[in-house]
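For reference, the chain that follows is the form predicted on its own, supplied as structure tokens.
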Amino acid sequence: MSKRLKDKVIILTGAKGLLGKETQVSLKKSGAKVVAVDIFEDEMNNILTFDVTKEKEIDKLISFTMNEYGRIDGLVNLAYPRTEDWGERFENIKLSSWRENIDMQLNMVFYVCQKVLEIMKTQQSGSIVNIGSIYGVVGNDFSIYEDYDGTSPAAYSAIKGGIINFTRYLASYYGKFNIRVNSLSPGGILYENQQHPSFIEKYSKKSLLGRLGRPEEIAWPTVFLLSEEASFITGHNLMVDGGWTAI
């Protein structure tokens, strides 16, 4: 196994989720020292408890990492906080809910990046991967939800689209400091026993590879973008979607 991130200090938010768990495994296999954080405690999997929707908690996370390791080489913004009414149809979304989701997701990415990038600027090195989505790039295909009366949250497309272009902004702003900032946009990922069979079938038919992705198929491209193997890649949005956005 290539140790492409040997001894690199990487902060990973949203580490307890399906993608987060797999990303932590891949980062560690690559030799990284992972500061894995989530709002939910999980000592068994070495996940620290920090609420990255709160400014003071983010400050504590940065301070902890610097006190523990003295540097930050990478950041993966994978956390996916959301309100309980996240799945409401567009016409029923409350403005207060819209604002809260924008604040928890998009504004959180801004603040974490701001704090980490000032450290990377001093180091004159670093790499950030922000997680976007196919629906931050193209419009939604609502036909894949029709059989079970499902939908895709409106705020999701706004947040992910914002994150992708914010990534380009950061890449432009910090490139002169030898810092790379990229985004990675997953397509549909298979969650065992969590998705309606109709969704899986319809999504798979539209995918050029005829299936949904696996968590590790997001984790390893994330490792690549953090590594020196991607040393001339910045401001890029890597589509990892089985060809969903190709046609």
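As the structure is a prediction and not an experimental result, all values here were calculated from the model. Quick note: we count residues from 1 along the sequence shown, nothing fancier.
What follows is about the form predicted in complex with a small molecule, which we do not show.
Between the small molecule and the residues 238, 18, 233, 25, the one pair within 4.5 Å by heavy atoms in the model of the complex involves 18. Screening 146-154, 78-86, 173-181, 93-101 for residues having heavy atoms within 4.5 Å of the small molecule in the model of the complex returns a single hit, 78-86. Using a 4.5 angstroms threshold between heavy atoms, residue 69 stays clear of the small molecule in the model of the complex.
Among residues of the shown chain, residue 53 is one whose heavy atoms approach the small molecule to within 4.5 Å in the model of the complex. Taking the partner from the other structure, the small molecule in the model of the complex has no heavy atom within 4.5 Å of any heavy atom of residue 64. The small molecule is not drawn, but in the model of the complex it has no heavy atom within 4.5 Å of residue 128.
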